Structures are given as structure tokens and as C-alpha cells.
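Just one chain is shown here, as C-alpha cells, and it is the form predicted on its own.
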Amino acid sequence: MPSSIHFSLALVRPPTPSVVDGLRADEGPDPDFAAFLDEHVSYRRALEAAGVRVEEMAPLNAFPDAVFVEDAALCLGSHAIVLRPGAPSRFGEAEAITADLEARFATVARVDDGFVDGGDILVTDREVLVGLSARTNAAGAKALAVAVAPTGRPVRVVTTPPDVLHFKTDCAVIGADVIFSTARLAASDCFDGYDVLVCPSGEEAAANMIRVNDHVLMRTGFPKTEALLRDSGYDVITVRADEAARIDGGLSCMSLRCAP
């Protein structure tokens, strides 16, 4: 089965001016479009520094959250899956990404029932974890399992903690059998059998990080988390993502990392 941490390609979609209207769970200031664009460029450079080729898909101003491409698709080796994001304003993103996937992957499947956001899908070397949330329901998880079946990876459904938007808001794969997790998610025992590195208290927003080849990309502004990772032997690249965070976005959701 394809590795969950080694990739050759990352697909991204630049933010557009409509990003200021992106979805968010809490009240707060809108993202600054110019600053978001600058951060996105830095994000792309970090991916390249980690050893992947970055390809840009066309911007979609009609969909404010389209910069978060991971919610609309899942890539597993040469197999891609078009997902069904759970927010009504994002329904059209799946259709928009289909042609991009068909041009790059040997096979493309679709989730045609329920709802499932990529932010609720954690791929490890042994399985695919799907966290039920406000954006992902049981019907979507069941349909995803059917779409994933050709890859041979089993799908396991877990529950995202209350008040957490996405499963991967609170966790990340940082090694073949190593999960970085917040304490509240680790306490649910959903990672039994894995080595778990627990996020320092007060820095839970750092948990949405990504392992890309020999590097871990994490947000700037979380010194205890950065020190923990470095002390644990990880090569860390820090990336500013403050504007994405204003609309509940993080590092994992701004790219589709794959090895088609």
C-alpha cells in the first residue's frame, strides 16, 4: 500500500478575494486576502523544500473555501476519490476538482452518498481513519469505505470530539506508526496500537501539521510543540498560516499530497 508520509506531488489551489467570506465556526476578523496569498506562496515553498512537486489548480472565486482542497478529495497512490464536503456552500468543489484528478490519477472513484470532508480522514500506513463530525456522517463514511476498497486499506470509523470541527484539527500522522494528537483526542483511545506524541497543553492549534517525506511542516507560533518535535528527532519546517486559521483552515487542508 502507498506510504502515508512519502509523496512526490502536491496539488494546491490559490485563494481568491472571496476567501474573506470563508466558513468559520466562531466570530472573528476576516482573513486579509493579500496576506493569505503571501502565506499560501510560503506554504508552497515549504512543500517544495520537503521534496514534492507542487502543481497549481485553477482558482475558484465562486467557492470561498476552495483553497482548502483536501476537503474535496482523497489521494491514495494512483487512486483518487472525489469526496462530498458537508457544508452546502462547498458542494460544487467536488465537481470542480474531478477533471484535475482524472488528468493525474489512474483511477478516480466518487463518494455519492452522505457527506465526508477530507479534513475528517486520517490516512496511516495500515488503515484509513474517518472521524464523524458536523461535516462527515455515517453514510458518507460507509460510502468512502466502498471507494477506498480497491486500494486494500481498511477503513475504521471513529468519533471526533465535541466542539472540534474536523478530526485532523486535533491530529496528524508524523511517522509510519506515529500520531501527533491533542490530549483530548488521544484520550478517546482511537489510536490504540500507535505511538502517540501528545501536543503540549495550550498549543492544541498546532496539531494540524503534515509529515511530507523527511520533514514535518507545522504552523509558526507554537514553540513548545516545535521543541517537542525537534527533541523527538523530527526535521521541522515552520509555516505561517494565520490567515487560514481565521476561517478554520490549517496546513493539511491546503494541499492534496500524493504519489500518483
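Note that residue numbering begins at 1 and tracks the sequence as displayed. On a predicted model such as this, the values are computed, not experimentally measured, just so you know.
Form predicted in complex with a small molecule: not shown, discussed below.
At a distance threshold of 4.5 angstroms between non-hydrogen atoms, residue 70 is in contact with the small molecule in the predicted bound form. The closest non-hydrogen atom of residue 131 lies beyond 4.5 Å of the small molecule in the predicted bound form.
At least one heavy atom of residue 165 is located within 4.5 Å of the small molecule in the predicted bound form.
Residue 15 falls outside the set of residues with a heavy atom inside 4.5 Å of the small molecule in the predicted bound form.
Figure note: of the listed segments 62-70, 218-226, 191-199, 49-57, the one touching the small molecule in the predicted bound form, with heavy atoms no more than 4.5 Å away, is 62-70.
Between the options 135, 84, 79, 153, the residue in contact with the small molecule in the predicted bound form by a heavy atom within 4.5 angstroms is 135.
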